[in-house]
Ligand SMILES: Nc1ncnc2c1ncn2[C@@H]1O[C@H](COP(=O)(O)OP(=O)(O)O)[C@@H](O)[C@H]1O
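Only one chain is given next, in structure tokens, and it is the form predicted alone.
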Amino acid sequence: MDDLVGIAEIAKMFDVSSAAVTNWRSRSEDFPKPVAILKSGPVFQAEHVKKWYRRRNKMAATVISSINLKGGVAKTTTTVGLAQALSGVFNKRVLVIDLDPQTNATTMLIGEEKWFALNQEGYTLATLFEDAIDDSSNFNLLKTLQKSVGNVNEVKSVDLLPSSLNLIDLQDRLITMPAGKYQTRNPVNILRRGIKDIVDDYDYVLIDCPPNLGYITLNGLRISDGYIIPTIPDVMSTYGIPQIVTRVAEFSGEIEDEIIPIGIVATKVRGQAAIHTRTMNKMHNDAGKPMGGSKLLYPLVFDAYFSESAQIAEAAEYQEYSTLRQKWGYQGQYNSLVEFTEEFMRLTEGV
């Protein structure tokens, strides 16, 4: 119930008058619709109003999830590379949220030794989900949040909320979490409630999701403005893309909050592989067209893509680098990363 706000609360939220909020409603067709009309006036979802205000003023965090139902498609490498380029090249403040139990984004950014110590102390996102299931209060956001992480000296402004292998077991237990005295607790709102105080400290929040559409992934999508789909351009890796788009659209409708498919980014592209060429062409041709007779459109495809490279594979290893160019390679890999990041910022502007 604390997520519902009236006109006066919205005015206080943004330090404006109630008259200003009334004017926003009357003049802006995209202002969120009220969830109820009481005698005291209309009532709105606070999160919907905040997202509208963020789009209107191009301020606060843009939250984007990274997802593919197939593993091994360089999803995490792409997400971490994007985070580090946003910081090191474009001077953005970035938060990486690692929801994948494989913990690859976490170990890429802080190394296995530090991750193990944090996991032993319970300073990972697993504790947040355990609290929801056990109705406890052990999660410490400030101690879990890792500041200025990474292994590249020129990257100064990437923070991390680390993952844990324990999320594997917690996924199936989330359905058992207590609903609370007033039935307001929900297994897809756990992350949102746990980190809402810090999200808008960043320009971008990037969420590395598990390769499924379970409750953990839905927690990431719940706070997202949009999502990207990293994929190898082959049949097996791209097969699940329509399912992702359909399921996210259904979820978006359920929560009455739009989650936009930003686009597909091709990874591990082999220029000499005919299947990669055919799949790339097909994805570009399908972009913007209805999928399987539905009203949903096939996502656009980023112009920038990542060729298969040993250097990019080695970028997943935690070792010290002076620059992003040194980490990603001098044979065009770094240029691809920067081009992708520029395109990403352009496509997410105002989302």
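Not measured: the values here are computed from a predicted model. We number the residues from 1 along the sequence you see.
What comes next is about the form predicted in complex with this ligand, which does not appear here.
Residue contact with this ligand in the model of the complex: Asp303 places no heavy atom within 4.5 Å of it. Interface residue remark: Val49 is not counted as part of the site for this ligand in the model of the complex, having no heavy atom within 4.5 Å. Contact between Thr76 and this ligand in the model of the complex is found at the 4.5 Å heavy atom cutoff.
The shortest heavy atom separation between Lys268 and this ligand in the model of the complex is within 4.5 Å. For the options Gly214, Gly111, Gly72, Gly122, the residue carrying a heavy atom within 4.5 angstroms of this ligand in the model of the complex is Gly72. Here the chain stands by itself, but in the model of the complex one stretch of 295 to 303, 281 to 289, 308 to 316, 28 to 36, 308 to 316, has heavy atoms within 4.5 Å of this ligand. Scanning 90 to 111 for heavy atoms within 4.5 Å of this ligand in the model of the complex gives just one residue, Asn104.
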